[in-house]
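There is one chain below, alone, in C-alpha cells, taken in the form predicted on its own.
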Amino acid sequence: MKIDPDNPAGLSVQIAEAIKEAIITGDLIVDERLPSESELADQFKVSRPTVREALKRLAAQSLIRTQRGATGGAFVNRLSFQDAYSQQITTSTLLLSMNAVSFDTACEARYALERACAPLSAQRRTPDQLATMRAEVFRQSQPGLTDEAFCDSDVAFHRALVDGAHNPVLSYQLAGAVEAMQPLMNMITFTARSREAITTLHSRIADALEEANGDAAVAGLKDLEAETRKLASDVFAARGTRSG
C-alpha cells in the first residue's frame, strides 16, 4: 500500500483509500487485524494523527472496527447491508439537497426500482409486512395527522413494500430512494397533494400485494408516480409564478 505525497488529495484520504482497496481486493480479509498506528505511520511515512484520521474515515464507512485491550486494535469489519443502509441514505440525501440530482431523475429512479420490487413482494411479502402497510394506510387516513407524521408513514409503507421482496440488494438500492428521496419529495409536494388520493393509491397497492397480483401493484405504483410528478409540476409552476 502506497500513497503519493504530490497527490492533491489529503494524506489521510489516500491512506484510507489504500486500505479500502486492500480490503476490496482481499489483501486484507474480514476480521484481520490491521498494523498498529505506529506501524502504519512508518509504512506510509506520515504522522500517527494522520493515520488516526484515516482509520476514522474507514470506521465511518463501517469498513473497520476498533477493539480495546491487549489484543485490541483495528480489524477489518464484516460489512452487512444493514451497515451500508445509512451511508446510502446520507449520500442520496446530500445529492438531492445539493441539487446534484434533479427531482425528476430521483422520482424516475425511485419508482423504476420500486416497480421492480412489486412483483417479488406480491409473491414473497410476509403477513407482518402486509399488516404494516395496512396499518400505515389507516394511519394516513387520520385527519389530525401532521405533515411530518404523514411523511413518516409514507416512508414506512414503502419500506414494507420494498422489504417484502426479500431481496437485500434491491432493499439496499432503494434505501436512498425510500428513506431519503421520498421525504424530500414529500417536502416539495405536501402543500399541493391530496392525502386522500395518495392513501387510496396505497390501499390499492396493498390490495394487490395481498392478492399476489404483481401487475396490479405495478399499475398502482405507476399511478402513484404520475400523481407525484403532477404535484411536483404544480408546485414548481407556482414557485415560478411567485418568483416572476
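All residue numbers refer to positions in the sequence shown, first residue = 1. Definition used throughout: the rigid core is the maximal C-alpha set that superposes within 1.5 Å between two forms. In this text the structure is predicted, and so the values were computed from the model without any measurement.
There is another form of the same protein, the form predicted together with the DNA; it is not shown, and what comes next is about it.
In summary, among the residues 61, 43, 213, 66, the only one with a non-hydrogen atom within 4.5 Å of the DNA in the predicted bound form is 66.
Residues with any non-hydrogen atom within 4.5 angstroms of the DNA in the predicted bound form fall in just one of 32-40, 215-223, 202-210, 171-179: 32-40. Interface membership of residue 11, defined by any non-hydrogen atom within 4.5 Å of the DNA in the predicted bound form, is confirmed. At least one heavy atom of residue 71 is located within 4.5 Å of the DNA in the predicted bound form. Although the partner is absent here, residue 195 lies well away from the DNA in the predicted bound form, with no heavy atom inside 4.5 Å. Of all the residues from 49-67, those having a non-hydrogen atom no more than 4.5 Å from the DNA in the predicted bound form are 49, 50, 52, 53, 56, 66, 67. After superposing the rigid core, the C-alpha of residue 213 moves by less than 2 Å between the shown form and the other one.
Superposition of the core reveals a Cα shift of 2 Å or more for residue 41 between the shown form and the other one.
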